[in-house]
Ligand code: AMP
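Only one chain is included here, represented as structure tokens and corresponding to the form predicted alone.
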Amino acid sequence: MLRVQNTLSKQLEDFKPLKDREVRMYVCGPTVYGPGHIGHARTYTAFDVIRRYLEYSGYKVRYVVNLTDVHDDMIKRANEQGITIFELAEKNIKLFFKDMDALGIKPANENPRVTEHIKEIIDTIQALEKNGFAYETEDGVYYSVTRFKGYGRLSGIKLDKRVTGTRVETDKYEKENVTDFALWKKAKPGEPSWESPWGQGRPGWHIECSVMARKHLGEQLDIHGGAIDLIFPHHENEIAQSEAAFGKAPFVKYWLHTGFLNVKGEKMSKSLGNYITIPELLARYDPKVFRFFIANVHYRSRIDFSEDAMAQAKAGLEKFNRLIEALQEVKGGKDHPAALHLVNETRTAFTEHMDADFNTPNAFATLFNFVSEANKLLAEAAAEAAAEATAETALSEKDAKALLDFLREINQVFNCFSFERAKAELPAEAKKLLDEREAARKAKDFKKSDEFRAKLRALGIELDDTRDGVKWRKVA
């Protein structure tokens, strides 16, 4: 049975959706004031794997990722570029979808935008006012956190009782408490605004997700996800708003959060010069390698991005792709019971690990063992074919297909293996070295042959000597 680590309870819990075999899942999307960065890529890739595994397990998943297209950062960036926030949003939303597609992330069922939900946002704020959880000031409408008894249960934050219930003199607009947050911001000159019962203005940040989650998934969700830095205040505030406005608790049954992503051991920031956008990532690395890199670290763990880590991921992924190519080339042979046993054994272990809070590192340890054992079967078959043996240990096309079908099955979850790799053309210099190596082999000058192999490897060409001749592949 699937179990998940619930940020709300701080415990591993049995996963039982509100409606049998159906999952309503909401993940906080980007504020589209510029290109996404690799922290976003980590989060959306990790939740893509979680969503895919739920579907692999037989759940029907309705998946929603919002788009924040009005925000203080949007206004600032649009003014810098001399365009409207709507023009800025349109440009960056197109880029976001392009990046998600390049990363192999399945499209969400819905990508609602804040500016398309202004009426619903106003209605929800009015409900909060009516229920006694919101109040108006000179510059907007605020949520009173001290009136919501459960505030802080997600993040563990403790409110300072010394300032609760009193006006904060240092606050220009007299918030009741320093922790109160804006639901509606009254318009300032030059800002985008909409008509409301409190005058022209725009939504605060937190209210949007409560509204869009409810509209597209209902008053209660099975899973709400996001990066760990959203736990407070954003997700804490979502709970307070949703439960106070709609009267249904819990707003979310299971809260899941991805860990931080560092770059070369440090927190990513523009000041450190280690800020990497998703377009920059995609220009430098194969997106399938990035997916493999992300999937080999638990979604809740901190992850360290570096060239060395990506090189290791590339080497690890290549082991799977080399096995796939080898299995695709199997001809003839005899059935071997170990092949189906390996598939069944690996599937069982894979499922057990993934059911333990989507433990992808342990799942991949099992899959790497699968690669090792499958390669042993291939080696046995090759040795027997070379010796023209007839023993029952040869690998058949049927066995190879079973192993390949299993890898395709697993790839429904990870979407990083390659089953159709175009063969690159061999460079002229490498072709000359390959011909010279063949001549050395025919002359039985194996020392010279090894020297040519080393030269080819330095050019990023790896050789495999098979009974069907020499085969090459690019490895760099």
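In this text, residue numbers run from 1 along the sequence as written. Everything quoted here is computed from the prediction, not taken from an experiment.
Here the subject shifts to the form predicted in complex with the named molecule, a form of this protein not shown in this document.
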{"property": "Any non-hydrogen atom of D308 within 4.5 angstroms of the named molecule in the predicted bound form", "result": "no"}
{"property": "Contact of T43 with the named molecule in the predicted bound form (heavy atom, 4.5 Å)", "result": "yes"}
{"property": "is_contact(P112, the named molecule) in the predicted bound form, heavy atom dist at most 4.5 Å", "result": "no"}
{"property": "Residue contact check: G226 to the named molecule in the predicted bound form, 4.5 Å heavy atom", "result": "yes"}
{"property": "Sole residue of L230, L367, M100, L327 within 4.5 Å of the named molecule in the predicted bound form, by heavy atom", "result": "L230"}
{"property": "Interface residue in the predicted bound form among F246, Y135, W194, F260, criterion: non-hydrogen atom within 4.5 angstroms of the named molecule", "result": "F260"}
{"property": "Residue stretch of 442 to 450, 26 to 34, 409 to 417, 429 to 437 approaching the named molecule in the predicted bound form, non-hydrogen atom distance within 4.5 Å", "result": "26 to 34"}
